[in-house]
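Shown next as structure tokens: one chain only, the form predicted alone.
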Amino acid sequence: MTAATLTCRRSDDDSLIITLSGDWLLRGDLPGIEAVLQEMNQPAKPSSIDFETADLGGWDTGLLTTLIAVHRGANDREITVHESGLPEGARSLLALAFAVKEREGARRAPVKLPLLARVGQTTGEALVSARELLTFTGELVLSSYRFATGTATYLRSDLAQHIQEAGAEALPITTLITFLIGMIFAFVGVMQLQQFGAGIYTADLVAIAMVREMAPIMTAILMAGRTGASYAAQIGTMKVNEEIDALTTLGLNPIDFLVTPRVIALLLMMPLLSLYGSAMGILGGMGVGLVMLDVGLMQYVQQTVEAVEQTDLWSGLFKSVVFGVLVAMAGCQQGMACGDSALAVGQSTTKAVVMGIVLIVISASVLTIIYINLDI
């Protein structure tokens, strides 16, 4: 198969001659018409357009698509197109393609709403999303009560699988990210605190920051992008395949069967992942501290142990529990609210990640303010 080429040049009578050569097949790499449009947009636009196809090989609808695009560009600029140089079959197909003109008003014109209307529309959509989330939260609370009392219908094997996915399978990425975050904190602390002869307090900075804030938040963000998105995709796909409708037909509550086990799994695993992330962050900070500071291992460890209090530990664990519930809720709620198409599954997955991260940041800010006011 000969590669398709398109070249254009101006003739003496100021017409634009388009030369087509090679095989114009859809399975091939077809050239675009940017050069033709550039010539059409010149201040001295061509008087007409002609075609040369002496070297044209095999062709199919790939050629026809290009010719239609050239025709439309010429019509928009009121340039005459001469089709005599084209193969007879191509001329017949072009005539058929343009036999019926587009009905006036058939193409939807883009409508740009005023700023106030766009603000109102966005606010309305946000209120609807908030109402759906509140309704979903109420259903989840009732389902959690049924789970606690042993009346909820679910598979224990599903719960064990969700615990494994949200726990053990999340350890590699948690290890990498929290270890690097600890190294970054330690490097910044060493560079700043050494100016005042207080480099040893880098251990305090890394330990408290990781235990109270960074380990819970970073772990939650990782789980929002990993597990929360997975929940939305799984449940969304089930809804597209009408599996959730089938569960309802069988008399099973979809919230009990699909949502609550996932929320419980993330609720149980998030504190453990946060503790593990704190340890990895402290270990990363220790590596940087021992290299850049003139301190020994036992001195750094002792400084770390003295810096972290029980209130720091419990406050970080409580945050991780809250973050875990919010991430699971965001993923499951978006999955349950998914539309009935494959595109809707992708949109729900994206919304789940965005909603999860937004809820994490908002709840972290609220909890930090509460801790400050309670002197925790």
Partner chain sequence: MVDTQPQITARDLTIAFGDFVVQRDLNFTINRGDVFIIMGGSGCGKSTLLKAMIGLKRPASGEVYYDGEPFWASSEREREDTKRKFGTLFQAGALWSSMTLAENISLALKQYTDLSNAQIREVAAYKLMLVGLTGFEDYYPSEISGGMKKRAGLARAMALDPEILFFDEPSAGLDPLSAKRLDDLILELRDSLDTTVVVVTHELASIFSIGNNSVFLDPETKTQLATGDPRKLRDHHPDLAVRNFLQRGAALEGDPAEAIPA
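These figures come from a predicted structure and were not determined experimentally. Residue numbers count along the first chain shown, from 1.
The same protein also exists as the form predicted in complex with the partner chain; that form is not shown, yet it is the one meant from here on.
Among heavy atoms of G251, some come within 4.5 Å of the partner chain in the model of the complex. Using a 4.5 angstroms limit between non-hydrogen atoms, L155 touches the partner chain in the model of the complex. Contact between L113 and the partner chain in the model of the complex is not found at the 4.5 Å heavy atom cutoff. Taking the partner from the other structure, the partner chain in the model of the complex has a heavy atom within 4.5 Å of a heavy atom of A246. The listed set F136, Y201, Y276, F257 contains one residue whose heavy atoms approach the partner chain in the model of the complex to within 4.5 Å, identified as F257. E242 is the sole member of E132, E242, E306, E125 with a non-hydrogen atom within 4.5 Å of the partner chain in the model of the complex.
The candidate stretches are 201 to 209, 92 to 100, 297 to 305, 139 to 147, and the one lying within 4.5 Å of the partner chain in the model of the complex by heavy atoms is 92 to 100.
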